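A lone chain, given as structure tokens: the form predicted on its own.
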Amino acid sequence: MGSNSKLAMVIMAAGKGTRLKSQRPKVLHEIGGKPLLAHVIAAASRIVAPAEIFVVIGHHAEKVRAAVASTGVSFVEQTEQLGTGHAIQCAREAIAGYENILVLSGDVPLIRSETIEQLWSIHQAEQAAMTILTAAPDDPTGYGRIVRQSPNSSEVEAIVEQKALSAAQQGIGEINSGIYAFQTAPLLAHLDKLTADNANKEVILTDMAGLLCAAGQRVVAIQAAEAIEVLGANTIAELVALDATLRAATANRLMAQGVTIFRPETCVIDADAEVAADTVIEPFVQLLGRTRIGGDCRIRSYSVIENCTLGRGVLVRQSCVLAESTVADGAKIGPFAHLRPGSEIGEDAHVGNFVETKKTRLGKGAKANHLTYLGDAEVGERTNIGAGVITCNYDGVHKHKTSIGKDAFIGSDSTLVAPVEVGDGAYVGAGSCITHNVPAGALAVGRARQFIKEGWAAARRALRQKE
């Protein structure tokens, strides 16, 4: 759904999250490879344009702002964290021009855009002043409860916080999610009536339900299909449990799309990772960040791939580490290879055992199969890089480039001291130190001359025996 001028979102992200026992803002703790708040923004952005999302920040405001600024949302600062009602008071000017607002919690990362859409649709259909998203978890302890006008009624009489529950209300299992839709006019008309005279001793938005009911306004509730969608994390253990839930859902989504994941419970797959059908992912693989993997690939066990793009038919053998790199169709990586940021591995190229690349491009069919470091290098098509080759790219102050043409052959244990160029079809003899450009089709040998002294070893041993 695109932008809707009738609607804006307000995401609560100002709290400290004291119970996490962490110095990090609660909404910046991560599950599924990104901050809790980023998950909520992503869900909200499918309903309205990012410019119509207002994030209320307070505790470590600049850190929160920096973490999600790239999403294009707007920010409202709550310099004193006096409660959720106070947060909306701080956002009064920002929301005044919208007919309706939806209020989301920045620490409820599993909320789906479909559920937000449903809340918005019911809110419009019911013409309610306030629509509350509720849930029925197995254990409602700690959450405010929904008191309906009657058991089968959609209309709500009040939201009662855990501390204020009467004996008769203790058995209510329907909880307040902290996610609401409001008509803006009645909300603003009653906003200043919110006080801290409640069980929490804070200016809380839940009290708005009672105020609107008392004023004769309609307050209704809609229950989420899955309680897990609206649950937050107040401890690290709860946070990790949400992460496990999200990652399991991600793996199930990929498998439903035709990806084979053996032992998915052992894999770490971030929420933003995408994998095409017919790819096989073996146990203990990590796919992190915005990794994109094409079809018919095989990712073998213990490999870690972060923010990379892989084409079709790529084989990543065991225990490879790939970061911020691209791998073209049919390439083979590993085992035990390390592609550092800026690596571009061409079609059908090979990067083999204990090979490290950094900011290096290998052309189509190029090979570096053993024990090699290629940094700041350009390697042409079909060129063969022998075992133990090093591009010496760093002089202690600056990085320099090595350029190797197509169909070249770089012998084992050679060092190429950048800046240097090796032409098309050239050969470099094994064990050479290359400090000057090598013309196309030439042979370069840069070794110390070998001397042989017959009998030297025996004489040396005899000398040591006399000492």
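These numbers come from a predicted model, not from an experiment. All residue numbers refer to positions in the sequence shown, first residue = 1.
One more form of this protein, predicted together with a small molecule, exists but is not displayed; see below.
- The stretch from 253 to 261, 301 to 309, 149 to 157, 171 to 179 that comes within 4.5 Å of the small molecule in the model of the complex, counting heavy atoms only, is 171 to 179.
- Here is the short version: of D270, E378, E161, E381, the single residue with a heavy atom within 4.5 Å of the small molecule in the model of the complex is E161.
- With the partner omitted from this view, the residue of A87, L119, I293, L187 that lies near the small molecule in the model of the complex is A87 [heavy atom within 4.5 Å].
- When the small molecule is considered in the model of the complex, Q217 lies well away from it, no heavy atom lying within 4.5 Å.
- In the model of the complex, at least one heavy atom of V108 sits within 4.5 Å of the small molecule.
- Interface residue remark: T326 is not counted as part of the site for the small molecule in the model of the complex, having no heavy atom within 4.5 Å.
- Although the partner is absent here, G83 lies within 4.5 Å of the small molecule in the model of the complex, judged by heavy atoms.
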